[in-house]
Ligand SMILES: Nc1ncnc2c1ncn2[C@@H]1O[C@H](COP(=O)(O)OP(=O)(O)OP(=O)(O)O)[C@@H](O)[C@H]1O
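Quick setup: one chain, the form predicted on its own, written in structure tokens, and binding and motion questions come after.
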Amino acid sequence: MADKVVCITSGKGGVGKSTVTANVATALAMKGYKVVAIDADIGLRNLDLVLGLENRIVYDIVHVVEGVVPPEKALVKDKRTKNLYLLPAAQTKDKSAVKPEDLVKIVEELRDKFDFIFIDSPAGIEEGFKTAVTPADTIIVVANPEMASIRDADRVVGLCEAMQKPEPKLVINRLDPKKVARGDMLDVEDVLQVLSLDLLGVVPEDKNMVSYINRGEPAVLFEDSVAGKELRNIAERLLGKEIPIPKWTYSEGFLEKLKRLFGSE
């Protein structure tokens, strides 16, 4: 069995960390595993929105820490996937409201009740990051194929090493083969040269992703989603299955080639 407690983190915000968390957790729940996703981004919760559960929250993780309710009472059951639950973050507290030992205690209370526990870490390398990473068996760093994101991800890797945690696995998110072909975005090999991590998956840019997030419907629910397919593959790789990572390349079409040759936009 794969490691049970998985923390998904990033060096900077806006790289799609919560989207990856929601989708991989949903994909595993769809396969019959009992999964809980913990939103550890205190004050900036987003995981409930990506899962479409924002209107069903009664209690949150700070209520659990303060002893108002036990963890099971604060869990929100997913409305589509029967094996998936969310422990939401608090919106009105700051990150200091949950200490590393608090999260360790919550995880230990839930460990025997679930096959997988996902922790959606706050972005960055401050106190909230250390809290989210502390209970993790596996750490996944999400990065976009851009230098700023890669540099910040590298700092996360160094912090994990300093905390004596396992070396993170890497998910490259929002790869746009067209931008790579134009030289406007790093390719996968460029990223791996900098980070030298075990690559868990490469999620391509998907024009429908914003719509999925706005509707609170993870992409893995849709068979025709290119990003959803690779996010399902990431879930399979977490289970130890060997699924090749696609080589995302861009082939210029005839009309595009003509426009480029004749300088037309």
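Numbering starts at 1 and follows the sequence shown. Owing to the predicted nature of the structure, the values given are computational and were not obtained by experimental measurement.
Not pictured, yet referred to below: the form predicted together with the ligand.
Comment: the ligand is not present in this chain, but in the predicted bound form one of Ala123, Leu159, Leu195, Val188 has a heavy atom within 4.5 Å of it, namely Ala123. When the ligand is considered in the predicted bound form, only one residue from Glu236, Glu54, Glu205, Glu217 comes within 4.5 Å through any heavy atom, namely Glu205. Mapping the unseen interface onto this chain, Asn173 counts among the residues with a heavy atom inside 4.5 Å of the ligand in the predicted bound form.
The closest heavy atom approach of Ala227 to the ligand in the predicted bound form falls within 4.5 Å. The ligand is not drawn, but in the predicted bound form it has no heavy atom within 4.5 Å of Asp48. Contact check for Gly13: a non-hydrogen atom falls within 4.5 Å of the ligand in the predicted bound form. Checking 209 to 217, 62 to 70, 30 to 38, 236 to 244 against the ligand in the predicted bound form, the stretch whose residues place heavy atoms within 4.5 Å of it is 209 to 217.
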